[in-house]
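One chain follows as structure tokens, the form predicted alone.
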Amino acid sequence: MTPADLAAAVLDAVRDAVEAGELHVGVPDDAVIERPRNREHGDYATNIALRLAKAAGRPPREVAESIAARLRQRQGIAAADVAGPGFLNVTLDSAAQGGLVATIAEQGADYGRTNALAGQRINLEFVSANPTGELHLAGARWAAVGDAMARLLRASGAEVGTEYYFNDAGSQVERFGRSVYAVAMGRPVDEDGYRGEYIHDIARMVLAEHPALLERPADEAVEVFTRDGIDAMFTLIKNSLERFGVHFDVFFNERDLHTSGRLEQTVQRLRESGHVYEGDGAMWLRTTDYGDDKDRVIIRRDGAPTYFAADLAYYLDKRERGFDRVVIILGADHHGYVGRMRALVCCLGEDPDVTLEIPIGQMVTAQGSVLSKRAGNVVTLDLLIDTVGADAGRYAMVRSSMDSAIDIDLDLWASRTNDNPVFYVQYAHARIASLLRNAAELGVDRGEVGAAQLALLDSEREGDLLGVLGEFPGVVTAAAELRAPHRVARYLEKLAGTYHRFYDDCRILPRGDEEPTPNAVPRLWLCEATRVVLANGLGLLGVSAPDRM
């Protein structure tokens, strides 16, 4: 019996009590099921009676007893006791508790997947770094977090489209092109230009394609350096993301907004909304009507659209592609953007509480001996991968809540010790895989999971492990709904620790000439269930689950 099964049983008991006339309440949509800290209080606890008592007009303990009486009659429930002010403690019989192993083994890669977000169409934009430089740690964090978030949303039933907004227009791109041209000409880069060895690399790449480019007029040469330089830079960014295991459904070019008529259509819709006015030769949007600190220019005096207009056009493009909700992951330096974008969306006549979501993430810094070898201690995504590997890099980036600043110790994440969280979790998976291979070599046949004596899984360590395994679907759903992939990472570390303690205390395979004990087969299936959950959880984070380490 899984926690979800028990929650359904609790709601059925409430429904039965209502139909019998003992409780006069509406049956809630859900029941909270938790593991009590003290195992003496049962396998699970619920506060359902406390939630219903006021509406029922009865003391919580009376409500709890009415529900408990019906739970005691259900197969798989050994005891249902009322505790404290009205908590309900439930103890499963050993067969029901062990049945979770069969559920996990039968569902395999699907265990943990739910339909909690079914029917939602979500556009998830992340990274979207300007193609004027290499991806650094901030981009690495949003790549790992965004990709994990997409996996979690899909695992919870949502339809998700992932997107990278490719800024190939505007002043930054123009400065980039001038910088590459200056380097190619052997001239100093402008004060506001881009510097770095990668600029020299891009200049050489463009000149290799256009050997006579420097003989052409400066304006023509800059245009080519800009166009080809941006293309080359973006190819490098895509290659870095590919190495990191991050794939996007759509790479959207900002320039398309300018050439497709989308900007003009958006401005026309804003005019029709009545929030546009003229002033100082520019076109303004009255965003102060919706809480912005000042109105925003959308068309400059020279007729060029501002990035506010482009952002709105891009938002509308996503909505008209059928997405119900637009989610944009941004760094802390964009915090002021949230209120402005919400006001802009309101001017379109839409409700940002329903259609827009902008999670803000905090800074990433790094330390470690590897940095002493590089001038300026600059950590690019490629350096992160080269130093600690894609698995450790991704895990390090998702392990902390987005709203927490993190300092990555590259030496720690490159180590093969239990102090390295990703190693600790991956080692648990590899340890189980090794155990299962050893069992096969010893001739211990697990057989079919349905035939295993799973009711024998009744020791304290086995119960602890079963309890953690049962939490996984709820963790996945909560992580998806709260946009919090770090919850999965912390859960996996808890599961790995619980498994290691079980392994240390519970003999599984025979030694020497011993015959397998009756517990061997059910414990092997418990190990297999743990391996499945570890693999599923790591997969949701985009991290591999190795069989050998």
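We number the residues from 1 along the sequence you see. Source: prediction; values computed, not measured.
Below, we turn to the form predicted together with the RNA, even though it does not appear here.
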property	result
Close approach of residue 251 to the RNA in the predicted bound form, 4.5 Å, heavy atom	no
Contact flag, residue 346 vs the RNA in the predicted bound form, heavy atom cut 4.5 Å	no
Distance check, residue 497 to the RNA in the predicted bound form, heavy atom within 4.5 Å	yes
Contact flag, residue 223 vs the RNA in the predicted bound form, heavy atom cut 4.5 Å	no
Proximity to the RNA in the predicted bound form (heavy atom, within 4.5 Å), stretch among 199-207, 181-189, 419-427, 213-221	419-427
Contact residue in the predicted bound form, chosen from 520, 45, 56, 68 - any heavy atom within 4.5 Å of the RNA	45
Listed residue that, although the RNA is not shown, lies within 4.5 Å of it in the predicted bound form (heavy atoms), from 335, 255, 121, 72	335
Residues in 496-520 with any heavy atom within 4.5 Å of the RNA in the predicted bound form	497, 500, 501, 503, 504, 506, 507, 508, 509, 511
